[in-house]
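The data below hold one chain only, encoded as structure tokens and taken in the form predicted alone.
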């Protein structure tokens, strides 16, 4: 069983997004990137499959920025192989374009299953798994919380629905799966281990052309303007209470007897 895991680097929201105030465009090259948290869940589920059934796990990323650390971390966690797809790409590359590049590579390999995070924080549209499945003409299931191997090339899935409902699905491989959460929290790889792997293992690089197709339109970003300020009310209890009552009255939120 050969499992491909699609990884994507996304802006680190712990830090400020870098914005060009004149053009209103994001400065992608000046931002810090981290692995998409849902892709990290997909990698963990693939590694659990490896432990249970001996599956071979390959982590794949499109080089829209610095993805090397993310791929070395995947190796440090237990992936067998990592691939970086290079080309004339940048961080504004659309999901449609990324899915085309990824599916072209997967089609040339002998994978039985593709796992991807159900969505990513920089778009939250959940398109990558479905688009890859469409390009490959493979079955697809998303919002999955458990992946297990069945008999005779069958794959058993648990899929979440709204209202707390869960479905158990049996599907033939090859299949593309969008993972909502792994059965266990993603494992930790220490910085020292990642550095050790980076010194001893090479990332396979595969070049690809930038596909023609839908891309992001030019969008202007602006910083939010503060609409008001918080009022800090000082004084004793009676003074604070009187001020609160006055504020409620000023906003017609107080019904007087």
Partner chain sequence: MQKAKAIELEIAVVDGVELNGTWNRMFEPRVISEYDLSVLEEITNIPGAESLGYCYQCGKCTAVCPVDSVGDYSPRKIFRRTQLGISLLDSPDLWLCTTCRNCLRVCPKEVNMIDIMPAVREQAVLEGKAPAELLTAFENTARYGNPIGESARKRADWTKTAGVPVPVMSQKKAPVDVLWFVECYPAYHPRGKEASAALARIFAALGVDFGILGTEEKCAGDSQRMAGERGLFEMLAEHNIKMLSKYRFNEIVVTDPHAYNAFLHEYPKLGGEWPVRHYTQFLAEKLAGVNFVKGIKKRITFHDPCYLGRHNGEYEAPRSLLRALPDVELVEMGHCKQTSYCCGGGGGGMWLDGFTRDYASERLSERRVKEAVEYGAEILAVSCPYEVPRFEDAVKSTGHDGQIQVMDIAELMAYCMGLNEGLAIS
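Residue numbers count along the first chain shown, from 1. Worth saying up front: this structure is predicted, and the values here are computed from it rather than measured.
Another form, the form predicted in complex with the partner chain, is not on view; read the next lines as being about it.
Using a 4.5 Å heavy atom cutoff, none of 66, 84 and 211 lies near the partner chain in the predicted bound form. None of the heavy atoms of residue 50 is located within 4.5 Å of the partner chain in the predicted bound form. Although the partner is absent here, residue 192 lies within 4.5 Å of the partner chain in the predicted bound form, judged by heavy atoms. Contact annotation for residue 30: at least one heavy atom lies within 4.5 Å of the partner chain in the predicted bound form. Within this chain, residue 55 is remote from the site of the partner chain in the predicted bound form, having no heavy atom within 4.5 Å.
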